[in-house]
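Single chain ahead, written as C-alpha coordinates, the form predicted alone.
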Amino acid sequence: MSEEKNKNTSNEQQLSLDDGRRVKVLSPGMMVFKRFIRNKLAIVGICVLIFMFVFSFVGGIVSPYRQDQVFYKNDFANKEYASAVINNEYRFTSATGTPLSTMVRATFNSKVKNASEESVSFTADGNTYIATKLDDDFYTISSGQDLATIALLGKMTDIKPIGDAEIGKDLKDAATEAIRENAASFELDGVEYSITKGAAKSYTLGALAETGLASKLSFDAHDNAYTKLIADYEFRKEAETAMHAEADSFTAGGVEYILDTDGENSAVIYEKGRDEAIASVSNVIVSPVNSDVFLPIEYKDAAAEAIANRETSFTYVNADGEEETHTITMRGNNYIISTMQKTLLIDMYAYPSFAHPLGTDDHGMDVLTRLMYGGRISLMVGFVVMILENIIGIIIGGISGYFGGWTDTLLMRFVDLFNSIPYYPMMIIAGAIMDSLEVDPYKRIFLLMAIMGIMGWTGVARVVRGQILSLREQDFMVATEATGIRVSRRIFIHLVPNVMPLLIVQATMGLGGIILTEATLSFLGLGIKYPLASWGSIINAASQIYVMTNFWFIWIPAGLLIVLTVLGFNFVGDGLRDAFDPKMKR
(Lines give C-alpha, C1' and ligand atoms only; values in the text may rest on other atoms or scores of the structure.)
Protein backbone atom coordinates (compact mmCIF):
# COMPACT_ATOMS: atom_id res chain seq x y z
CA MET A 1 0.00 0.00 0.00
CA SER A 2 2.81 2.31 0.94
CA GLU A 3 4.70 1.45 -2.23
CA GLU A 4 1.62 2.16 -4.37
CA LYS A 5 1.17 5.52 -2.63
CA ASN A 6 4.78 6.47 -3.23
CA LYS A 7 4.43 5.49 -6.89
CA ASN A 8 1.36 7.70 -7.32
CA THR A 9 3.15 10.56 -5.62
CA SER A 10 6.12 10.15 -8.02
CA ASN A 11 3.79 10.15 -11.03
CA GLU A 12 2.07 13.28 -9.79
CA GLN A 13 5.43 15.00 -9.37
CA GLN A 14 6.41 14.04 -12.93
CA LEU A 15 3.11 15.39 -14.27
CA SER A 16 3.14 18.58 -12.19
CA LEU A 17 4.14 21.90 -13.83
CA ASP A 18 6.98 23.60 -12.08
CA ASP A 19 8.10 27.11 -13.19
CA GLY A 20 10.55 25.77 -15.78
CA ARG A 21 8.04 23.39 -17.30
CA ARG A 22 5.31 26.03 -17.20
CA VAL A 23 7.51 28.38 -19.27
CA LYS A 24 8.55 25.58 -21.58
CA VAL A 25 5.09 24.27 -22.23
CA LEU A 26 2.83 27.28 -21.96
CA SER A 27 4.94 30.34 -22.95
CA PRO A 28 3.67 31.60 -26.34
CA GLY A 29 6.96 33.32 -26.97
CA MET A 30 8.91 30.12 -26.42
CA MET A 31 6.53 28.24 -28.67
CA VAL A 32 6.94 30.81 -31.42
CA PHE A 33 10.72 30.77 -30.97
CA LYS A 34 10.91 26.97 -31.21
CA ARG A 35 8.78 26.96 -34.33
CA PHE A 36 10.89 29.68 -35.84
CA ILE A 37 14.27 28.00 -35.24
CA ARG A 38 12.94 24.76 -36.70
CA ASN A 39 12.59 26.60 -40.03
CA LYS A 40 15.96 26.23 -41.73
CA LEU A 41 15.28 28.94 -44.31
CA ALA A 42 14.42 31.36 -41.52
CA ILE A 43 17.77 30.64 -39.85
CA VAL A 44 19.52 31.19 -43.17
CA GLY A 45 17.68 34.51 -43.49
CA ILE A 46 18.74 35.56 -39.99
CA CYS A 47 22.38 34.71 -40.77
CA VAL A 48 22.23 36.67 -44.04
CA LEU A 49 20.75 39.73 -42.30
CA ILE A 50 23.32 39.58 -39.50
CA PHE A 51 26.06 39.50 -42.11
CA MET A 52 24.51 42.47 -43.94
CA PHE A 53 24.28 44.54 -40.77
CA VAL A 54 27.84 43.71 -39.74
CA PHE A 55 29.09 44.37 -43.28
CA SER A 56 27.31 47.72 -43.51
CA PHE A 57 27.62 49.20 -40.03
CA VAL A 58 30.83 47.59 -38.74
CA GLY A 59 32.58 47.34 -42.10
CA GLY A 60 32.33 51.08 -42.65
CA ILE A 61 34.03 51.68 -39.30
CA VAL A 62 36.96 49.33 -39.89
CA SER A 63 37.44 50.30 -43.54
CA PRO A 64 40.61 52.38 -44.01
CA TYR A 65 38.87 54.56 -46.60
CA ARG A 66 36.09 57.13 -46.56
CA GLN A 67 33.07 56.65 -48.79
CA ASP A 68 33.91 59.85 -50.71
CA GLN A 69 37.67 59.31 -50.87
CA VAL A 70 38.99 59.63 -54.43
CA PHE A 71 42.09 57.68 -55.44
CA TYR A 72 44.63 58.83 -57.98
CA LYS A 73 47.36 57.25 -60.04
CA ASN A 74 50.43 58.52 -61.82
CA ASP A 75 50.16 58.01 -65.54
CA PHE A 76 51.06 59.60 -68.84
CA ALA A 77 48.37 61.55 -70.64
CA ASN A 78 48.36 63.68 -73.74
CA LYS A 79 47.74 67.12 -72.25
CA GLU A 80 47.93 70.67 -73.51
CA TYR A 81 51.37 72.04 -72.74
CA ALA A 82 51.59 75.35 -74.59
CA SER A 83 49.71 77.57 -76.98
CA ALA A 84 50.95 79.67 -79.87
CA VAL A 85 49.55 82.42 -82.02
CA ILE A 86 50.84 84.23 -85.08
CA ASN A 87 51.03 87.79 -83.88
CA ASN A 88 48.87 90.25 -85.80
CA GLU A 89 49.13 93.07 -83.30
CA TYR A 90 51.81 95.76 -83.32
CA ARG A 91 54.31 95.78 -80.48
CA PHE A 92 55.83 99.12 -79.57
CA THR A 93 59.34 100.01 -78.42
CA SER A 94 60.06 103.47 -77.01
CA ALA A 95 63.17 105.39 -78.09
CA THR A 96 63.02 107.75 -75.12
CA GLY A 97 62.57 105.20 -72.36
CA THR A 98 59.03 106.43 -71.72
CA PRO A 99 56.42 104.01 -73.09
CA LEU A 100 54.17 105.32 -75.81
CA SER A 101 50.77 106.22 -74.44
CA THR A 102 47.68 104.15 -75.08
CA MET A 103 46.24 106.97 -77.20
CA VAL A 104 49.33 107.07 -79.43
CA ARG A 105 49.25 103.32 -79.96
CA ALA A 106 45.50 103.21 -80.62
CA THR A 107 45.66 106.13 -83.08
CA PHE A 108 48.64 104.57 -84.86
CA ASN A 109 46.77 101.28 -85.31
CA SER A 110 43.72 102.99 -86.76
CA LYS A 111 45.78 105.17 -89.15
CA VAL A 112 48.10 102.52 -90.59
CA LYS A 113 45.46 99.80 -90.82
CA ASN A 114 44.40 100.63 -94.37
CA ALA A 115 47.10 103.15 -95.27
CA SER A 116 48.95 102.74 -98.56
CA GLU A 117 51.36 105.70 -98.15
CA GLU A 118 54.92 105.28 -96.99
CA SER A 119 54.31 107.73 -94.15
CA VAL A 120 51.19 108.64 -92.23
CA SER A 121 50.72 111.59 -89.90
CA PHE A 122 48.36 111.62 -86.94
CA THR A 123 47.69 113.61 -83.81
CA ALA A 124 47.50 112.16 -80.31
CA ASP A 125 47.82 113.69 -76.86
CA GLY A 126 48.11 117.14 -78.50
CA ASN A 127 51.26 116.18 -80.45
CA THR A 128 51.84 115.43 -84.10
CA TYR A 129 53.33 112.04 -85.01
CA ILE A 130 54.63 110.62 -88.27
CA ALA A 131 54.58 106.85 -88.87
CA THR A 132 57.19 105.99 -91.47
CA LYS A 133 57.03 102.57 -93.10
CA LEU A 134 60.40 100.83 -93.27
CA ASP A 135 59.01 97.47 -94.42
CA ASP A 136 55.85 95.39 -94.13
CA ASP A 137 54.54 95.63 -90.57
CA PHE A 138 57.58 97.66 -89.52
CA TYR A 139 57.31 101.39 -88.76
CA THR A 140 59.23 104.12 -87.01
CA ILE A 141 57.15 106.63 -85.08
CA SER A 142 58.44 110.21 -84.88
CA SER A 143 57.13 113.31 -83.14
CA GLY A 144 58.45 116.81 -82.69
CA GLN A 145 57.96 120.52 -82.13
CA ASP A 146 55.91 122.74 -84.44
CA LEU A 147 58.24 125.26 -86.17
CA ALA A 148 56.02 127.25 -88.53
CA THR A 149 52.72 127.53 -90.30
CA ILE A 150 52.70 127.45 -94.11
CA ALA A 151 50.07 128.80 -96.50
CA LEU A 152 50.10 128.33 -100.28
CA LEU A 153 49.12 131.45 -102.18
CA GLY A 154 49.10 130.31 -105.79
CA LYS A 155 52.77 129.84 -106.65
CA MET A 156 53.80 131.77 -103.54
CA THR A 157 54.51 130.22 -100.14
CA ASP A 158 53.87 132.15 -96.95
CA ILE A 159 55.80 130.79 -93.93
CA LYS A 160 55.26 132.21 -90.46
CA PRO A 161 57.64 130.93 -87.74
CA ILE A 162 56.18 129.81 -84.43
CA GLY A 163 57.90 131.27 -81.40
CA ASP A 164 61.66 131.68 -81.77
CA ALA A 165 62.03 129.13 -84.58
CA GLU A 166 64.33 130.14 -87.42
CA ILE A 167 63.31 129.10 -90.93
CA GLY A 168 66.08 129.36 -93.52
CA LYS A 169 65.70 129.47 -97.28
CA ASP A 170 66.76 125.83 -97.71
CA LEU A 171 64.21 124.66 -95.13
CA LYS A 172 61.52 126.87 -96.74
CA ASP A 173 62.23 125.44 -100.22
CA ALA A 174 62.31 121.84 -98.94
CA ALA A 175 59.03 122.31 -97.09
CA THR A 176 57.38 123.88 -100.15
CA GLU A 177 58.51 121.00 -102.34
CA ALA A 178 57.23 118.43 -99.81
CA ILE A 179 53.85 120.15 -99.67
CA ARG A 180 53.52 120.21 -103.48
CA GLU A 181 54.41 116.48 -103.53
CA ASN A 182 51.85 115.70 -100.78
CA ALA A 183 54.63 114.24 -98.59
CA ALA A 184 54.02 113.93 -94.86
CA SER A 185 57.72 114.30 -94.00
CA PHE A 186 61.11 115.10 -95.51
CA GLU A 187 64.72 115.09 -94.38
CA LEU A 188 67.19 117.97 -94.54
CA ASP A 189 70.75 117.98 -93.23
CA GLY A 190 70.10 114.82 -91.20
CA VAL A 191 67.02 116.25 -89.52
CA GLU A 192 63.57 114.93 -90.29
CA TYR A 193 60.65 117.32 -90.62
CA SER A 194 56.92 116.74 -90.72
CA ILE A 195 54.19 118.37 -92.80
CA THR A 196 50.70 118.32 -91.25
CA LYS A 197 47.81 119.54 -93.33
CA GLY A 198 45.29 121.88 -91.72
CA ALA A 199 42.25 123.79 -93.01
CA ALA A 200 42.10 124.87 -96.69
CA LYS A 201 45.69 125.20 -97.94
CA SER A 202 47.35 125.70 -94.57
CA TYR A 203 50.05 123.37 -93.23
CA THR A 204 52.18 123.04 -90.12
CA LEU A 205 55.93 122.41 -90.29
CA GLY A 206 57.49 120.50 -87.42
CA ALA A 207 60.89 119.07 -86.51
CA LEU A 208 60.74 115.31 -85.93
CA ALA A 209 62.60 112.93 -83.64
CA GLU A 210 62.09 109.18 -83.47
CA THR A 211 60.07 108.22 -80.43
CA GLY A 212 59.40 104.57 -81.04
CA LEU A 213 59.12 101.47 -83.20
CA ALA A 214 56.04 99.49 -84.20
CA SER A 215 56.53 95.89 -85.26
CA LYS A 216 54.73 92.57 -85.27
CA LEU A 217 57.85 90.61 -84.38
CA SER A 218 58.55 89.40 -80.84
CA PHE A 219 62.01 89.30 -79.24
CA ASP A 220 62.85 86.66 -76.61
CA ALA A 221 66.09 86.72 -74.63
CA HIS A 222 67.98 83.44 -74.23
CA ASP A 223 69.23 84.54 -70.84
CA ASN A 224 68.13 87.04 -68.22
CA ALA A 225 71.38 88.90 -68.82
CA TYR A 226 70.13 89.91 -72.27
CA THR A 227 66.63 91.02 -71.21
CA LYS A 228 67.63 94.67 -71.07
CA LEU A 229 69.51 94.43 -74.38
CA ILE A 230 66.54 93.16 -76.40
CA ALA A 231 64.44 96.05 -75.03
CA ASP A 232 66.96 98.59 -76.34
CA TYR A 233 65.56 100.75 -79.13
CA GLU A 234 68.69 100.80 -81.30
CA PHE A 235 69.24 97.04 -80.97
CA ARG A 236 65.69 96.19 -82.00
CA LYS A 237 65.62 98.67 -84.86
CA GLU A 238 68.93 97.52 -86.33
CA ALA A 239 68.12 93.84 -85.83
CA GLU A 240 64.76 94.04 -87.56
CA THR A 241 66.07 96.31 -90.30
CA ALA A 242 68.75 93.71 -91.02
CA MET A 243 66.16 90.92 -91.04
CA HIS A 244 63.97 92.71 -93.57
CA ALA A 245 67.05 93.46 -95.67
CA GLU A 246 67.99 89.75 -95.47
CA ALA A 247 71.38 90.72 -94.04
CA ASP A 248 73.40 88.27 -91.96
CA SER A 249 74.70 90.81 -89.43
CA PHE A 250 74.11 94.23 -87.94
CA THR A 251 75.75 96.63 -85.52
CA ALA A 252 74.13 98.22 -82.47
CA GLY A 253 75.84 100.11 -79.66
CA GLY A 254 79.22 99.54 -81.27
CA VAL A 255 78.81 95.72 -81.08
CA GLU A 256 78.42 93.50 -84.11
CA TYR A 257 75.82 90.76 -84.07
CA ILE A 258 75.20 87.79 -86.34
CA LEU A 259 71.73 86.91 -87.66
CA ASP A 260 70.88 83.27 -88.24
CA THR A 261 67.73 83.80 -90.29
CA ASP A 262 65.18 81.01 -90.62
CA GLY A 263 62.44 82.23 -92.87
CA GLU A 264 61.11 85.72 -93.37
CA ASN A 265 59.94 86.32 -89.82
CA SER A 266 62.24 84.18 -87.71
CA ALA A 267 65.87 84.53 -86.70
CA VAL A 268 68.36 83.78 -83.92
CA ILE A 269 70.82 86.50 -82.87
CA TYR A 270 74.44 85.81 -81.78
CA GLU A 271 77.16 88.19 -80.67
CA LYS A 272 80.00 87.96 -83.13
CA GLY A 273 82.75 85.68 -81.90
CA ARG A 274 80.51 83.84 -79.41
CA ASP A 275 78.56 80.65 -79.90
CA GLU A 276 75.93 81.46 -77.30
CA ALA A 277 72.64 82.75 -78.71
CA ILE A 278 71.47 86.07 -77.33
CA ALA A 279 67.88 86.25 -78.52
CA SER A 280 65.29 84.87 -80.88
CA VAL A 281 63.01 86.88 -83.12
CA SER A 282 59.72 85.56 -84.47
CA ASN A 283 56.17 86.58 -85.28
CA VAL A 284 54.94 83.45 -83.43
CA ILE A 285 54.23 83.98 -79.74
CA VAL A 286 54.50 80.79 -77.69
CA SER A 287 53.08 80.77 -74.15
CA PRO A 288 52.65 78.02 -71.52
CA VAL A 289 49.13 76.80 -70.77
CA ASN A 290 49.80 76.83 -67.03
CA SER A 291 51.44 79.80 -65.37
CA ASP A 292 53.72 77.57 -63.29
CA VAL A 293 55.40 76.14 -66.42
CA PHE A 294 58.54 77.81 -67.78
CA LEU A 295 59.19 77.45 -71.50
CA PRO A 296 62.90 77.57 -72.42
CA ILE A 297 63.77 79.72 -75.40
CA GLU A 298 64.91 76.60 -77.27
CA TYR A 299 61.42 75.18 -76.91
CA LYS A 300 59.83 78.39 -78.18
CA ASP A 301 62.20 78.39 -81.16
CA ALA A 302 61.36 74.77 -82.02
CA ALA A 303 57.62 75.43 -81.75
CA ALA A 304 57.79 78.66 -83.77
CA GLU A 305 59.84 76.95 -86.49
CA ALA A 306 57.39 74.04 -86.71
CA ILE A 307 54.42 76.41 -86.96
CA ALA A 308 56.17 78.57 -89.56
CA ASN A 309 56.85 75.43 -91.62
CA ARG A 310 53.23 74.26 -91.10
CA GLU A 311 54.29 71.04 -89.41
CA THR A 312 51.91 69.05 -87.21
CA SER A 313 54.54 67.96 -84.68
CA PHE A 314 58.10 68.54 -83.58
CA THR A 315 60.61 66.95 -81.23
CA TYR A 316 62.32 68.66 -78.34
CA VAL A 317 65.05 67.46 -75.96
CA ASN A 318 64.12 68.49 -72.44
CA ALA A 319 66.39 69.41 -69.55
CA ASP A 320 66.76 65.73 -68.57
CA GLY A 321 68.04 64.85 -72.03
CA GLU A 322 64.83 63.04 -72.96
CA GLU A 323 63.36 63.52 -76.40
CA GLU A 324 59.72 64.59 -76.36
CA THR A 325 57.28 64.64 -79.23
CA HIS A 326 54.85 67.56 -79.28
CA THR A 327 51.81 67.70 -81.53
CA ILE A 328 50.34 70.90 -82.96
CA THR A 329 46.64 71.33 -83.58
CA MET A 330 44.75 74.35 -84.81
CA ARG A 331 41.93 75.68 -82.65
CA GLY A 332 40.39 78.86 -83.94
CA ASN A 333 43.25 81.28 -84.53
CA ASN A 334 45.48 79.59 -81.97
CA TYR A 335 47.84 76.65 -82.14
CA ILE A 336 47.54 74.17 -79.28
CA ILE A 337 50.70 72.22 -78.48
CA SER A 338 50.20 68.92 -76.63
CA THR A 339 52.53 66.24 -75.37
CA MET A 340 52.50 63.14 -73.19
CA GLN A 341 52.96 64.33 -69.62
CA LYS A 342 53.30 62.46 -66.38
CA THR A 343 50.25 63.53 -64.47
CA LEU A 344 48.02 62.61 -61.57
CA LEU A 345 44.84 60.99 -62.89
CA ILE A 346 41.73 59.77 -61.09
CA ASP A 347 42.04 56.00 -60.78
CA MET A 348 38.73 55.19 -62.47
CA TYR A 349 37.50 51.63 -63.08
CA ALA A 350 40.61 50.07 -61.56
CA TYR A 351 40.34 46.29 -61.49
CA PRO A 352 40.28 44.46 -58.13
CA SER A 353 43.60 44.47 -56.32
CA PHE A 354 44.97 44.03 -52.82
CA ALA A 355 44.42 47.71 -52.05
CA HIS A 356 40.93 47.69 -53.59
CA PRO A 357 39.42 44.18 -53.39
CA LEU A 358 36.48 45.20 -55.59
CA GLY A 359 38.27 47.86 -57.64
CA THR A 360 37.25 51.50 -58.01
CA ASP A 361 34.20 53.12 -59.61
CA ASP A 362 33.78 55.88 -62.17
CA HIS A 363 34.67 58.49 -59.54
CA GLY A 364 37.86 56.72 -58.49
CA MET A 365 36.34 55.61 -55.15
CA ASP A 366 36.78 52.22 -53.50
CA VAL A 367 33.80 50.05 -54.48
CA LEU A 368 33.93 47.84 -51.36
CA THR A 369 33.83 50.86 -49.05
CA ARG A 370 30.99 52.39 -51.07
CA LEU A 371 29.07 49.11 -50.71
CA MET A 372 29.52 49.22 -46.94
CA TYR A 373 28.30 52.78 -46.60
CA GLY A 374 25.62 52.16 -49.22
CA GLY A 375 24.31 49.26 -47.16
CA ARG A 376 23.84 51.60 -44.21
CA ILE A 377 21.62 53.88 -46.23
CA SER A 378 19.67 51.09 -47.93
CA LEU A 379 18.95 49.30 -44.63
CA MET A 380 18.24 52.55 -42.80
CA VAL A 381 15.80 53.63 -45.50
CA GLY A 382 14.06 50.25 -45.31
CA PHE A 383 13.59 50.31 -41.54
CA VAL A 384 12.70 54.00 -41.21
CA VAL A 385 10.14 53.81 -44.01
CA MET A 386 8.63 50.64 -42.58
CA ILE A 387 8.36 52.16 -39.09
CA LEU A 388 6.76 55.29 -40.53
CA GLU A 389 4.30 53.25 -42.58
CA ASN A 390 3.32 51.17 -39.54
CA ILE A 391 2.88 54.19 -37.28
CA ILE A 392 0.54 55.92 -39.73
CA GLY A 393 -1.20 52.68 -40.70
CA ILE A 394 -1.78 51.57 -37.08
CA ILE A 395 -3.25 54.94 -36.09
CA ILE A 396 -5.58 55.21 -39.09
CA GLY A 397 -6.50 51.52 -39.16
CA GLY A 398 -6.98 51.28 -35.39
CA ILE A 399 -9.32 54.28 -35.23
CA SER A 400 -11.26 53.12 -38.30
CA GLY A 401 -11.69 49.56 -37.11
CA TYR A 402 -12.65 50.41 -33.54
CA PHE A 403 -15.21 53.13 -34.19
CA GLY A 404 -16.68 51.81 -37.43
CA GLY A 405 -19.67 53.63 -38.89
CA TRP A 406 -19.13 56.98 -40.57
CA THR A 407 -15.61 57.22 -39.10
CA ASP A 408 -14.66 53.94 -40.77
CA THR A 409 -16.27 55.03 -44.05
CA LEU A 410 -14.50 58.40 -44.04
CA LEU A 411 -11.07 56.98 -43.22
CA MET A 412 -11.38 54.16 -45.75
CA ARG A 413 -12.28 56.64 -48.48
CA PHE A 414 -9.17 58.56 -47.43
CA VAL A 415 -7.22 55.32 -47.86
CA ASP A 416 -8.80 54.82 -51.29
CA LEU A 417 -7.74 58.33 -52.22
CA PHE A 418 -4.13 57.53 -51.39
CA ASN A 419 -4.33 54.22 -53.25
CA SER A 420 -5.51 56.05 -56.36
CA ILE A 421 -2.29 58.10 -56.46
CA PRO A 422 0.24 56.35 -58.76
CA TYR A 423 3.25 55.52 -56.59
CA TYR A 424 6.18 55.60 -59.01
CA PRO A 425 5.07 58.67 -60.99
CA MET A 426 4.76 60.58 -57.69
CA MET A 427 8.20 59.42 -56.59
CA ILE A 428 9.66 60.44 -59.95
CA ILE A 429 8.03 63.88 -59.67
CA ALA A 430 9.34 64.30 -56.12
CA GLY A 431 12.84 63.30 -57.22
CA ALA A 432 12.74 65.74 -60.12
CA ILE A 433 11.62 68.56 -57.81
CA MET A 434 14.48 67.83 -55.41
CA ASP A 435 16.87 67.83 -58.36
CA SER A 436 15.64 71.21 -59.56
CA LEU A 437 15.91 72.66 -56.03
CA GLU A 438 19.39 71.13 -55.65
CA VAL A 439 18.51 69.67 -52.26
CA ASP A 440 21.51 68.73 -50.12
CA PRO A 441 22.24 64.94 -50.42
CA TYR A 442 21.88 64.44 -46.65
CA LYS A 443 18.53 66.25 -46.46
CA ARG A 444 17.44 64.36 -49.56
CA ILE A 445 17.68 61.05 -47.68
CA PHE A 446 15.21 62.16 -45.00
CA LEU A 447 12.85 63.70 -47.53
CA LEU A 448 12.95 60.50 -49.58
CA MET A 449 12.17 58.37 -46.51
CA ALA A 450 9.32 60.68 -45.51
CA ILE A 451 7.76 60.59 -48.98
CA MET A 452 8.07 56.80 -49.24
CA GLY A 453 6.53 56.37 -45.78
CA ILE A 454 3.61 58.70 -46.50
CA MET A 455 2.91 56.99 -49.82
CA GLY A 456 3.04 53.41 -48.49
CA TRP A 457 0.99 53.20 -45.26
CA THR A 458 -2.40 52.29 -46.76
CA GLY A 459 -1.78 48.54 -46.81
CA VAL A 460 -0.95 48.51 -43.09
CA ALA A 461 -4.09 50.53 -42.30
CA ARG A 462 -6.34 48.03 -44.10
CA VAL A 463 -4.75 45.06 -42.32
CA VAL A 464 -5.09 46.69 -38.88
CA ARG A 465 -8.69 47.72 -39.58
CA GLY A 466 -9.67 44.21 -40.67
CA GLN A 467 -8.12 42.57 -37.61
CA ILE A 468 -9.60 45.06 -35.16
CA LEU A 469 -13.08 44.66 -36.67
CA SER A 470 -12.91 40.96 -35.73
CA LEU A 471 -11.35 41.54 -32.29
CA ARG A 472 -13.44 44.39 -30.93
CA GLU A 473 -16.50 42.16 -30.27
CA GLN A 474 -14.59 39.57 -28.24
CA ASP A 475 -15.06 39.12 -24.48
CA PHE A 476 -11.85 40.81 -23.40
CA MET A 477 -12.93 44.00 -25.19
CA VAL A 478 -16.32 43.83 -23.46
CA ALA A 479 -14.40 43.60 -20.18
CA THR A 480 -12.28 46.66 -21.01
CA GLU A 481 -15.43 48.64 -21.79
CA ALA A 482 -17.09 47.46 -18.56
CA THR A 483 -14.10 48.50 -16.48
CA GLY A 484 -14.19 52.00 -17.98
CA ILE A 485 -10.80 51.96 -19.72
CA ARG A 486 -10.47 54.96 -22.04
CA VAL A 487 -10.75 54.45 -25.77
CA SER A 488 -7.09 55.14 -26.62
CA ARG A 489 -5.96 52.39 -24.21
CA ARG A 490 -8.52 49.97 -25.60
CA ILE A 491 -7.19 50.51 -29.12
CA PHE A 492 -3.45 50.75 -28.60
CA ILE A 493 -2.99 48.63 -25.43
CA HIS A 494 -5.50 45.84 -25.92
CA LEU A 495 -6.37 45.65 -29.62
CA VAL A 496 -3.18 46.61 -31.48
CA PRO A 497 -0.92 44.15 -29.56
CA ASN A 498 -3.13 41.34 -30.80
CA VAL A 499 -2.46 42.50 -34.35
CA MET A 500 1.30 42.85 -33.87
CA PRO A 501 2.26 39.27 -34.87
CA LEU A 502 0.63 39.79 -38.25
CA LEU A 503 2.18 43.27 -38.58
CA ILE A 504 5.63 41.92 -37.72
CA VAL A 505 5.33 39.29 -40.43
CA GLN A 506 4.05 41.82 -42.95
CA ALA A 507 6.73 44.39 -42.03
CA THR A 508 9.53 41.84 -42.28
CA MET A 509 8.41 40.72 -45.70
CA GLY A 510 7.81 44.33 -46.82
CA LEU A 511 11.32 45.52 -45.90
CA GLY A 512 12.74 43.81 -48.94
CA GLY A 513 10.25 45.58 -51.17
CA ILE A 514 11.17 48.98 -49.71
CA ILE A 515 14.87 48.33 -50.30
CA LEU A 516 14.09 47.36 -53.89
CA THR A 517 12.02 50.54 -54.32
CA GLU A 518 14.85 52.72 -53.03
CA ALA A 519 17.31 50.86 -55.25
CA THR A 520 15.03 51.42 -58.25
CA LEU A 521 14.74 55.15 -57.57
CA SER A 522 18.50 55.48 -57.06
CA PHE A 523 19.12 53.50 -60.25
CA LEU A 524 16.90 55.98 -62.10
CA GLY A 525 18.89 58.86 -60.59
CA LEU A 526 15.99 60.03 -58.40
CA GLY A 527 17.11 58.60 -55.06
CA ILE A 528 20.37 58.97 -53.16
CA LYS A 529 22.77 61.45 -54.73
CA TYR A 530 26.56 61.70 -54.97
CA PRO A 531 28.74 61.72 -52.87
CA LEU A 532 26.48 59.49 -50.75
CA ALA A 533 25.91 55.97 -51.94
CA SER A 534 23.25 53.31 -51.77
CA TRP A 535 23.26 49.94 -53.43
CA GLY A 536 20.84 51.24 -56.04
CA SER A 537 22.93 54.32 -56.89
CA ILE A 538 26.02 52.10 -57.21
CA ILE A 539 24.24 49.90 -59.75
CA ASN A 540 23.31 53.06 -61.64
CA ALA A 541 26.77 52.87 -63.25
CA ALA A 542 25.54 49.78 -65.12
CA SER A 543 23.12 51.94 -67.10
CA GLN A 544 25.98 52.28 -69.57
CA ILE A 545 26.44 49.15 -71.65
CA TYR A 546 30.21 49.68 -71.75
CA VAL A 547 30.42 49.54 -67.95
CA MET A 548 28.07 46.56 -67.73
CA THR A 549 30.09 44.47 -70.16
CA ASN A 550 33.61 45.45 -69.06
CA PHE A 551 33.51 46.21 -65.34
CA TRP A 552 31.55 43.47 -63.59
CA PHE A 553 32.92 44.44 -60.19
CA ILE A 554 31.00 47.74 -60.30
CA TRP A 555 27.45 46.39 -60.38
CA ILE A 556 27.39 42.64 -59.68
CA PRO A 557 28.41 42.90 -55.97
CA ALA A 558 25.77 45.58 -55.30
CA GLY A 559 23.15 43.50 -57.11
CA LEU A 560 24.06 40.41 -55.08
CA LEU A 561 23.81 42.35 -51.82
CA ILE A 562 20.33 43.57 -52.74
CA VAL A 563 19.22 40.06 -53.73
CA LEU A 564 20.61 38.47 -50.57
CA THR A 565 19.12 41.15 -48.30
CA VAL A 566 15.66 40.87 -49.87
CA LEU A 567 15.80 37.07 -49.69
CA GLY A 568 16.95 37.27 -46.07
CA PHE A 569 13.98 39.45 -45.08
CA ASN A 570 11.59 37.21 -47.03
CA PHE A 571 12.96 34.06 -45.36
CA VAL A 572 12.61 35.64 -41.93
CA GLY A 573 9.10 36.82 -42.80
CA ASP A 574 8.09 33.33 -43.93
CA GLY A 575 9.56 31.86 -40.76
CA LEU A 576 7.67 34.28 -38.53
CA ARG A 577 4.44 33.67 -40.42
CA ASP A 578 4.77 29.93 -39.89
CA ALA A 579 5.78 30.40 -36.25
CA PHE A 580 2.77 32.60 -35.45
CA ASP A 581 0.35 30.26 -37.26
CA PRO A 582 -1.61 28.57 -34.44
CA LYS A 583 -2.70 25.73 -36.71
CA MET A 584 0.86 24.68 -37.46
CA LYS A 585 1.71 21.15 -36.27
CA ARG A 586 3.90 21.08 -33.20
Partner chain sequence: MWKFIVRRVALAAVIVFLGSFIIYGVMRAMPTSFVEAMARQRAAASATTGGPTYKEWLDQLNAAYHLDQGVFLGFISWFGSVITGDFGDSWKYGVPVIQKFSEVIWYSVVLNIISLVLEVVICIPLGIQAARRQYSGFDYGIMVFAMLCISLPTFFLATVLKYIFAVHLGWFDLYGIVGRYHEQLSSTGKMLDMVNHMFLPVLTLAMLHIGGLTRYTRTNMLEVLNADYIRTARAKGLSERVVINRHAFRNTLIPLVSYMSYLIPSLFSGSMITETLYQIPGIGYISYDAMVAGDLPFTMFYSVFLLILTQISLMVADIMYAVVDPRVRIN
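Note that the structure is a prediction, hence the values are computed from the model and not measured. Numbering follows the first chain given and starts at 1.
Not pictured, yet referred to below: the form predicted in complex with the partner chain.
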{"property": "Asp416: touches the partner chain in the predicted bound form, heavy atom cutoff 4.5 angstroms", "result": "yes"}
{"property": "Distance check, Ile539 to the partner chain in the predicted bound form, heavy atom within 4.5 Å", "result": "yes"}
{"property": "Heavy atom of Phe55 within 4.5 Å of the partner chain in the predicted bound form", "result": "no"}
{"property": "Any non-hydrogen atom of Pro531 within 4.5 angstroms of the partner chain in the predicted bound form", "result": "no"}
{"property": "All of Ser436, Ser543 and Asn570 with a heavy atom within 4.5 Å of the partner chain in the predicted bound form", "result": "yes"}
{"property": "Contacting member of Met548, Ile43, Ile50, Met30, with respect to the partner chain in the predicted bound form [4.5 Å, heavy atom]", "result": "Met548"}
{"property": "Interface residue in the predicted bound form among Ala209, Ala355, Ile428, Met103, criterion: non-hydrogen atom within 4.5 angstroms of the partner chain", "result": "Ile428"}
{"property": "In the predicted bound form, segment of 376-384, 417-425, 287-295, 172-180 with a heavy atom within 4.5 Å of the partner chain", "result": "417-425"}
{"property": "Stretch 548-575 - residues with a heavy atom within 4.5 Å of the partner chain in the predicted bound form", "result": "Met548, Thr549, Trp552, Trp555, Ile556, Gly559, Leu560, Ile562, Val563, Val566, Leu567, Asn570, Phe571, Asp574"}
